[in-house]
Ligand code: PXL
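In the form predicted on its own, a lone chain appears below as structure tokens.
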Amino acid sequence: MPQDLLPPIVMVFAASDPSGGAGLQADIMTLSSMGCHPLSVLTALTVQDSAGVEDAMAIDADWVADQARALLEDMPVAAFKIGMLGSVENIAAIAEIISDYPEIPLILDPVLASGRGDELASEDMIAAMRELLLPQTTLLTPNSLEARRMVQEEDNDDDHPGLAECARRLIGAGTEFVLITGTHEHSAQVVNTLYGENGLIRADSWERLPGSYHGSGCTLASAIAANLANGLDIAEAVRDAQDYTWQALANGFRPGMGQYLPDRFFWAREPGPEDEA
């Protein structure tokens, strides 16, 4: 097949989630649903279900690097997406790899904790993300809690910046754009705000859905990566990915005793009687 007929290829660095709700599995489903071919680089193994994360084990950094290098020497990549990283060593290894591909857009979803609040990143890991990954990042996609934690000054417990100030600091640390999601804010609607070096680019409001969802952040970041790989500009990619993610959440399902899971293939389901009415 000619190169121009290949589906866009996106490389994902993420941890495995055996529940299929978040992590590498969520990335693969989202990218596939949006017409991309995903390449998966495993950064950590987890013990988790739909309720939360019980344990995590980082993959050796040399293995992470070898996975990525083998694929990058074989196939052309249109975008990078980074999720849970597992260790400071993995962050350093990935930062070194992506530095060889400065022209490829990088979407960084800073996975600092699970939806239940299980810690997934130490302060040393957050510092390494800021120092090594943010200067290479095209778009950072934190929720409001993650945005505040990433800019928190260690010795200043009274530092409680607003979201616009968080975005300003994160862009100052090197990322080109920041999309801060408002799921954790106490607002009637969920408001997601995209910032660039000159401030606010767009703000999108979405109906706040009932229930709690596992993997919404992974889905959104991967959907943006897919859109960028498909040639959309940043504002269009962000807007279209939000719509896709909201639809996936609105059609979500609860297969276990914990959170709802997004249905990333909602568009492929047969319409039910209620939909046809």
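Position 1 is the first residue in the sequence shown; the rest follow in order. Since the structure is predicted, the reported quantities are computational estimates derived from the model, not experimental observations.
There is another form of this protein, the form predicted in complex with the named molecule, and it is not shown here; the text below is about that form.
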With the named molecule left out here, work out from 61 to 69, 48 to 56, 237 to 245, 30 to 38 which stretch has heavy atoms within 4.5 Å of it in the model of the complex. 48 to 56
Whether V10 contacts the named molecule in the model of the complex should be assessed with a 4.5 Å heavy atom distance threshold; does it? no
Is A15 a contact residue for the named molecule in the model of the complex, using a 4.5 Å heavy atom cut-off? yes
4.5 angstroms heavy atom contact with the named molecule in the model of the complex for M84: yes
I'd like to know if P262 sits close to the named molecule in the model of the complex, meaning any non-hydrogen atom pair within 4.5 angstroms. no
Considering the named molecule in the model of the complex, which of L120, L163, L133, V190 comes within 4.5 Å of it through any heavy atom? L120
Here the chain is shown alone; which of I171, V111, V151, V77 has a heavy atom within 4.5 Å of the named molecule in the model of the complex? V111
